[in-house]
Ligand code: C2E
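Shown here is one chain on its own, the form predicted on its own, set out as structure tokens.
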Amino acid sequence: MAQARALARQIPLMYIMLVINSLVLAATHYGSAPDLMTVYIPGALTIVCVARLVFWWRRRNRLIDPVRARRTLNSMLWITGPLSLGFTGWAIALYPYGNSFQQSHIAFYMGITTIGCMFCLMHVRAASLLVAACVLVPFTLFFSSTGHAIFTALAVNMVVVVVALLVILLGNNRDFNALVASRSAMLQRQQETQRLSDENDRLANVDTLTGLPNRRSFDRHLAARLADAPAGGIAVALIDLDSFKSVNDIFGQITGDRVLIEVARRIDQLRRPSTFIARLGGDNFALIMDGPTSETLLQVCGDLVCSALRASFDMPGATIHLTSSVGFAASSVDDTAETLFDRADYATSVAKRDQRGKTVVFSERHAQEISKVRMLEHALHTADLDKELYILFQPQFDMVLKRTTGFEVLARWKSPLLGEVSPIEFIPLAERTGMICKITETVLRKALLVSKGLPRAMRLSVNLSAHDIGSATAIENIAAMVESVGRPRRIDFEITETAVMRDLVQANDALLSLLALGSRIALDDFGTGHSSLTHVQRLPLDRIKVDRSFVADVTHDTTSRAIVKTTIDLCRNLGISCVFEGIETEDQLQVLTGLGGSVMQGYLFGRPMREEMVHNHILTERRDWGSEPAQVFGNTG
């Protein structure tokens, strides 16, 4: 290909030179040689040269492939030999016609034209050699045989010059080949670099499992679409598979990947051509949809997605059933990609929390909720926890001992900006923002101060979060605070099973270090969520707290009574105590005590109270130790 490109630029010059030199030679012999030698033969040769010149001129800028290039070079070689012999024979045939000057012109014409042609054909070694052979051999033999010493010397000179020229041309040809090879290798490296760059770009923007665009591509596409679309012109949907982790846990990672591939296929089948679909990671998918984006239409679209993903996934050796929670948000004026995505994400979290397996379209109500949450988050981050947090105490009553044996410490927050904030609101927010450890330390510090003024047998229970259990630093800080009060140490800790699920080994080590302080460990909310006997077996527990949902139904639901009885027997067999939460009526108390329960907590025994009320509660209770339970617990105000 390189040779063909070089010849396409040089051969037209060669033919122009050859035609002009031949016509000049024919003109100098015109009148002294026959017309056949000065008109017809050079005219025929000129026509051939012009035809070849036009052929090469038309191809000077064309892109050619290797096959066509090779065909062009072969055709040139087939023409070069006969054409060289033709011009050589014509020039020698003119020799008898003319004087010594004309004969010298013939020798000069053959020599200079040969050198010019060889230079023009220098990039094709075979062509240069062929021209040299077709001209030099006849030239040398003919002029050596003329008997003129000058022409013989001229023949020798011609041989020397052509041989030297051939050596130079062969060297140039090798350099040309090396240059072409170098450029070819460089081009191949560039192509390989470009291929790798394209592959890296594809890997950087495509999810390798499903073949869908990934989060990076989604972010870029969302920003571009949002910049081009009018207000309300696009909508973003986030699709979150519910409880997908259990698929990997039960059926394995390979089956989980197959499910994700099928999810991607189903969503892709539902989308319009203009809808952009991406996998954001894990079991999260996203859509970018063009308008219209009315709430009704988005709800319908979301319901279609939920319905498609609700159908069973028939995998090898397993049939899997899943649901998906979908959150939609339509764009508005001055939206950025981040704000639009955040609204869709919030709608998805609402769907997972309140309408699992369904679709939620972001509305003004959700915007107000977000504003409230952000205000709450700002207030929490800027709060003086020592001043704004306070603690309440709810008694835990032992029916066997007929007295209160401890109090659960409950955190409360009174913000100077927001007023009283429910723990249902600020505790989950603190866990999400990582501030829960500071709240735990503040509550524990205040509880330790109160514990110094309580009777020696009275214990206080403080709740620990998943962040507390999972952080070695947090546990060290808690242990240091408990040790700082000296003995007796009467702080117990309550944990939930959710808090220990992240890392059971770390949780076990943390709880053992707290037990070494003289604390006790209670498993809270037993019977709900992720309750498992494995946790009861592997964790160093002192008591189990049965969730209030079983207490509420214990008076009329036989299943609840059976579960309560089983839990009491379990605790007795394990040698740990059992606490019942949420007791509000005498009937609930009678049923629980009849089943063998002893330690109770709930409004029947006292609402959460401030520190000054704790001492009054203890004194009042001591005076009534001998009374019947109905008399002791009659005042629940």
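Because the structure is a prediction, the values reported are computed rather than measured. Start at 1 with the first residue shown and count on from there.
A second form of this protein, the form predicted together with the named molecule, is not displayed here; the remarks below concern that form.
Enquirer: Flag Ala264 as yes or no: does it have a non-hydrogen atom within 4.5 angstroms of any non-hydrogen atom of the named molecule in the predicted complex?
Expert: Contact check for Ala264: no, nothing within 4.5 Å of the named molecule in the predicted complex.
Enquirer: Quick check on Arg412: any heavy atom within 4.5 Å of the named molecule in the predicted complex?
Expert: It does: once the named molecule is placed as it appears in the predicted complex, Arg412 has a heavy atom within 4.5 Å of it.
Enquirer: Is Asp525 one of the residues lying within 4.5 Å of the named molecule in the predicted complex, judged by heavy atom distances?
Expert: Yes, Asp525 sits close enough to the named molecule in the predicted complex that at least one of its heavy atoms falls within 4.5 Å.
Enquirer: Could you confirm whether Ile424 comes within 4.5 Å of the named molecule in the predicted complex, counting heavy atoms only?
Expert: Although the named molecule is absent here, Ile424 would touch it in the predicted complex, with heavy atoms inside 4.5 Å.
Enquirer: Taking the partner as it appears in the predicted complex, which of 570-578, 48-56, 596-604, 32-40 has residues with heavy atoms within 4.5 Å of the named molecule?
Expert: Stretch with heavy atoms near the partner: 596-604.
Enquirer: Just one of Thr275, Gln394, Thr255, Asn214 has a heavy atom within 4.5 angstroms of the named molecule in the predicted complex, so which one?
Expert: None of the others qualify; the residue that does is Gln394.
Enquirer: Only one of Asp240, Asp207, Glu497, Glu494 gets a heavy atom within 4.5 Å of the named molecule in the predicted complex. Which one?
Expert: Selected option: Glu494.
Enquirer: Can you name the residues of 582-597 that have a heavy atom within 4.5 Å of the named molecule in the predicted complex?
Expert: Gly582, Ile583, Glu584, in sequence order.
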